[in-house]
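Next up: a single chain in structure tokens, the form predicted alone.
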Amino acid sequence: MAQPQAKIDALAERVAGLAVCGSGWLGAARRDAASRLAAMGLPTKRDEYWRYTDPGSLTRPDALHAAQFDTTDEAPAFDGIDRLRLVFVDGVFDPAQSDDPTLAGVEITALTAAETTDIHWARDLYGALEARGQTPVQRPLASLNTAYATEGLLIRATGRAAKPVDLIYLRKSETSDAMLHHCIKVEAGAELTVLENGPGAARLTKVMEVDVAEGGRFHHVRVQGRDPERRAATHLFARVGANALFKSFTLTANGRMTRNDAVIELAGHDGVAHIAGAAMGDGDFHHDDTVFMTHAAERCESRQVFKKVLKSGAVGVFQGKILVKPGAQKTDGYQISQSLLLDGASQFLAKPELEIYADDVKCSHGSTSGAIDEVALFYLQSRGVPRRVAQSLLVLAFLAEAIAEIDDETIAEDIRSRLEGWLARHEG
């Protein structure tokens, strides 16, 4: 079907000056993505899955604005956790600031190094899950990334990783415009934890493709913050094999406009996929979580848990779908999206969906939006707790279900401390 001319024209302006780089398997994957992108054009607010979020700042030819980042003395996320640090500066991998990538149970290669390799395990993964994720909903910004990203990491877990791998995104430029593409493969029976944190870029487009083989276990925790003027579009594509586990949690604090897409397929029997998020925004803050969970095998379990705390005109969006394909019997699917509005100026827009083609399933979804419970607030105040402290306690209790999706208690406690710090800085 022919696309509106405006989408095609926007694409031509966006990619002007960019080139599809590379030869061999990587160049072929990029050219395939460029072809998909040319057929789609770039998204507009007229697209069904962009009706609540204006993609204009992501599709313009340049980053447009100078985005300052947070210079407070708050310690970086995960700073007290023993981990392997891999650093990007303005979207470019920096080996000098990174740890030695050698890690027991894990192979790590920079995307730039893989370009010269004829045979690489990522050949069957780079762009493959992104291409599968284009049906039934088109995701052109992901194809844009696959076609033109030249930086990223290829991470393969062959056993149980000795420690978490932390991808740290630093900034020097206030007008940086970065594209990153990561591929992660967790082999059968292997286990890996990937962390992400840091300002990233004034405008960031990121894709992560994750393939978890039979019996593998993958944990992902990321923190988006310290950059109140961030414009970002991230895509997480995952394929979960038989008896495998996939868990992802995102904490978002601040940011002018953030769109986090997740496309997850439970492809093997008895697989488990949980994805959760906690977002806190104040003022000029627009945060969009769009999730598409597909059950394509029997006896699989999925959970979507998203909580947003909004004030001073902030906007939160959740679009979540559970698709149960024919034959995916004994499916257990759960989806909850909730917002806590701390004033009358903020808003939460939700679009929960279930599409089920099997008859022996247990699926549920719910979405609520409301204010602080004045009865609970009065109860705490009547026992000597100051109002602002009481409100913070209730906010943390509201977010607790999402944070509970993090298996590692040390990482979960770091997330709680981030939330407490944000609340302290935004009191009143």
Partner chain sequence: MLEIKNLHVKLEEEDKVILRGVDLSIGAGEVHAIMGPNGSGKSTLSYVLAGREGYAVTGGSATLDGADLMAMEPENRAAAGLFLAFQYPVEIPGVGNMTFLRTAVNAQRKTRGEPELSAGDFLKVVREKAKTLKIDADMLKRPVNVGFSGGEKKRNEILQMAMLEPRMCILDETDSGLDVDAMKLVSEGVNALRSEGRSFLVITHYQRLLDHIKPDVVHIMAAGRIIKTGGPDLALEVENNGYADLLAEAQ
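Owing to the predicted nature of the structure, the values given are computational and were not obtained by experimental measurement. Residue numbers count along the first chain shown, from 1.
Another form exists, predicted in complex with the partner chain; not displayed. Remarks below refer to it.
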Does the partner chain come within 4.5 Å of any heavy atom of Lys362 in the predicted bound form? no
Can you tell me if Ser35 lies within 4.5 angstroms of the partner chain in the predicted bound form, counting non-hydrogen atoms only? no
Partner contact for Arg46 in the predicted bound form: the partner chain, 4.5 angstroms, heavy atom: no
Indicate whether Ala28 is a 4.5 Å heavy atom neighbour of the partner chain in the predicted bound form. no
Could you tell me which of 51-59, 393-401, 363-371, 36-44 sits within 4.5 Å of the partner chain in the predicted bound form, going by non-hydrogen atoms? 393-401
Using a 4.5 Å cut-off on heavy atoms, what residues in 378-403 are near the partner chain in the predicted bound form? Phe378, Tyr379, Leu380, Gln381, Ser382, Arg383, Gly384, Val385, Pro386, Arg387, Val389, Leu393, Leu394, Ala397
